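The form predicted alone is given below as one chain in structure tokens.
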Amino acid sequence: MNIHEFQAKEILKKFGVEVPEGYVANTPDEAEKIAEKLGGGTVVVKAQIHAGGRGKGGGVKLAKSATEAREIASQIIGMNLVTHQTGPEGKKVTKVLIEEGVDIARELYLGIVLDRAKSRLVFMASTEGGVEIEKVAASTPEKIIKEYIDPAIGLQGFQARKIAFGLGLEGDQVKNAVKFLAALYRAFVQTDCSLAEINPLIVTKQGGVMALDAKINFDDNALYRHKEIAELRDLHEEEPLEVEAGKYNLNYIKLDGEVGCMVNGAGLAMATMDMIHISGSEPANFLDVGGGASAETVKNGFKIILSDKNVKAILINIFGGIVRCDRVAKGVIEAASTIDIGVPVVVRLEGTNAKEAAILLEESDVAFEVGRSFQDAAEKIAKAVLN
């Protein structure tokens, strides 16, 4: 689950992570009052959307007075902000963060993420702050410092100092950085984060170490332990069809192709999308109906897939392990008889009672094509799209 920058900073502050003073505004008038509260001098007006690159898109600007903060907020609130992470459609800005200006001496990068290959959290730091870490990794990987954390003992002082020295910090900067790193690690572990990224991490002219920006993602599977964090979810920032799918416990991710995919299991979903691509078409979504695949589940899956106007055909690819294929076939037939599908559908069922399922589909009154193999199903769906 993603949250806004201002929300991330509020959480980090509770754990002792140093952040600039700031408050969120929903209107230009609120922005002006907050700027006055912060002293009436220089403030930063920052658009709050779930995407990076806001500054390049015109969503982050300096204001030298409360009046100017109001004017800039009026320009940003309501704008459709386009960044490299939003895609060309952009995202509408409904709120801004008004933050005190700080004296920046250096900009650095700091992040924590799970390295799945080593099953450990890893701190990543770089002197190249304000730049996407992917670009740094591609062009100058030697500038990325990595420190792996033993989950049994957590972040150690010598590791924090090693990172600080690697970033070229000295004197009080090292002490402040060690404190910052320890606080960020506590916040990450205790709130079940999946990602914490501070970009830029700044060193002030006074020697302080502070999170000028903050991006935090949380492990969805752990949100039941953090109801206060789950309440921070902003549905307006998420893909509407993904939100709708979540109501039915379906895993859905919208893509850019024309073939709707209904599968069970993430591995089969990935293989199905690859096979569609190999056959000459592109997937419009990733829709995992899980192990149940009942008539109601399939029906809801159809509705969600068909809500995407780009879908020209649907491929149902189910492996019957726990669930029987004939049960899935009955669910598909029942669902198709109650809603108007209106696009070609290819069904490939393999596993328990697959033969019985094929007979049910062929004898039904619904116009399905049956895929005799994985490749056959993918080729038929690609052909259906072209026709």
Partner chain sequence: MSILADENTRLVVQGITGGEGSFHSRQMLEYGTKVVAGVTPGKGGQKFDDKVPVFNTVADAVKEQGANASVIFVPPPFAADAIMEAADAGVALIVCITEGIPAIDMVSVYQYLQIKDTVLVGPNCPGVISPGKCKIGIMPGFIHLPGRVGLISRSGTLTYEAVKQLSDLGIGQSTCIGIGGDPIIGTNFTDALKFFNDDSDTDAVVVIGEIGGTAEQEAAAYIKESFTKPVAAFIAGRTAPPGRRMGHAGAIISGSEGTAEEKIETLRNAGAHVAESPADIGKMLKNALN
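Remember, predicted model here, so these are calculated numbers, not experimental data. Positions refer to the first chain, counted from 1.
Here the subject shifts to the form predicted together with its partner chain, a form of this protein not shown in this document.
**Q** Exactly one residue in Arg225, His236, Lys175, Lys92 has a non-hydrogen atom within 4.5 Å of its partner chain in the predicted bound form; which is it?
**A** Result of the distance check: Arg225.
**Q** Between the options Glu128, Asp308, Asp192, Glu147, which residue brings a heavy atom to within 4.5 Å of its partner chain in the predicted bound form?
**A** Result of the distance check: Asp192.
**Q** Though only this chain appears here, would Tyr109 touch its partner chain in the predicted bound form if you measure heavy atom gaps against 4.5 Å?
**A** No, no contact at 4.5 Å.
**Q** Indicate whether Lys46 is a 4.5 Å heavy atom neighbour of its partner chain in the predicted bound form.
**A** Close contact is absent here: in the predicted bound form, Lys46 is far from its partner chain, nothing within 4.5 Å, heavy atoms only.
**Q** Heavy atom to heavy atom, is Glu242 within 4.5 Å of its partner chain in the predicted bound form?
**A** Yes, Glu242 is a contact residue.
**Q** Heavy atom to heavy atom, is Phe286 within 4.5 Å of its partner chain in the predicted bound form?
**A** Yes, Phe286 lies within 4.5 Å of its partner chain in the predicted bound form.
**Q** If contact means any heavy atom within 4.5 Å, which of 21-29, 7-15, 373-381, 359-367 contacts its partner chain in the predicted bound form?
**A** Single hit among the candidates: 373-381.
**Q** Relative to its partner chain in the predicted bound form, which residues of 255-272 have a heavy atom no more than 4.5 Å away?
**A** Contacting residues: Leu255, Asn264, Gly265, Ala266, Gly267, Leu268, Met270, Ala271.
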